[in-house]
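Quick heads-up: it's one chain on its own, the form predicted on its own, in structure tokens.
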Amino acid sequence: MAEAGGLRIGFLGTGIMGAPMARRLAAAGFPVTAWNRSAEKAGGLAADGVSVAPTPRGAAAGADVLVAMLSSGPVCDEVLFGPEGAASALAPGATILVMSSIPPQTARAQADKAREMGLSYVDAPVSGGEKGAQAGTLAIMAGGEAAVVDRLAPVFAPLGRPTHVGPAGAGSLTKLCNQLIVATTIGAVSEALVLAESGGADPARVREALLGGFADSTVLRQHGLRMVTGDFKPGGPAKYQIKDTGAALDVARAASLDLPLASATHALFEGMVANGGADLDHSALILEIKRVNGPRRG
């Protein structure tokens, strides 16, 4: 693991993903000061060596790198660049590292604002879920200037594997590509297990039989297990999945692209959210597949 090297870290957002990421940075030797809108979610980090600030500006004050792990583009805009935004508490030369999933156009606009303030900016969303955040095995998709991404190597090291994918906004675009693959695969696994059950096969054994074959995937292994056990405690809530698939479709429309699989999957997640599944894990899409087939099953 790379050495902390004296860098001071501000950390905004200590939810399902942010809390274990902040813990890992502190464990790697970085001085970390965190803020979260729901203060109780940040309070427990004190025992792990993370200082807790009452405001975003308090977390940013004195930071060399300010990490944002917030829920959406608008929330990032507000917390970073709003009237009491954390970015204004940073000294020139500091780096804003947005690891939230936000639209590419939002990341590019934030990079422009940061540049005007004398700050560096990298959008580096992650994939790997809560388990990856806890284990430090996240896939990190970094957009920004190559030299800045390279300088952040010690920060990335406790969190996972970074890949520089292009200029600002490219990281967020790569995350949307990731989310389309995840969402459509969740849909395919859901439909396969519903089909198996309808024909009298044991879905759990069907999942087991497919492991190691061409249909195997992280989604089949992790989310397929959630589906057959009915464990839908959110790691990735459906309300955030629908945000990401919607953003991907917006980018596709702007590029005059038709993405039929993505459109169909997004519609299924819309149905899931509309029918009360917003706060369930996105693997609970299988419940929506069962719901729409309810009158016809049997």
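One-based numbering along the sequence shown. Given the structure is predicted, the values throughout are model-derived calculations rather than measurements.
A second form of this protein, the form predicted in complex with another copy of the chain, is not displayed here; the remarks below concern that form.
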Would you confirm whether the three residues E208, Q222 and A255 all fall within 4.5 Å of another copy of the chain in the predicted complex, going by non-hydrogen atoms? yes
With another copy of the chain left out of view, choose which of E145, E78, D112, D216 has a non-hydrogen atom within 4.5 angstroms of it in the predicted complex. D216
Ok, L119, V194, A157, V228: which has a heavy atom sitting within 4.5 Å of another copy of the chain in the predicted complex? V194
Per contact check vs another copy of the chain in the predicted complex (non-hydrogen atom within 4.5 angstroms), the hit among 40-48, 262-270, 53-61, 26-34 is 262-270
Applying a 4.5 Å heavy atom distance criterion, does A91 contact another copy of the chain in the predicted complex? no
Considering only heavy atoms, tell me if N178 and another copy of the chain come within 4.5 Å of each other in the predicted complex. yes
Is H164 near another copy of the chain? Define near as a heavy atom within 4.5 Å, in the predicted complex. yes
Would you check, heavy atoms only and a 4.5 Å threshold, whether A201 touches another copy of the chain in the predicted complex? yes
Which residues from 173-187 come close to another copy of the chain in the predicted complex, meaning a heavy atom within 4.5 Å? L173, T174, C177, N178, L180, I181, V182, T184, T185, G187
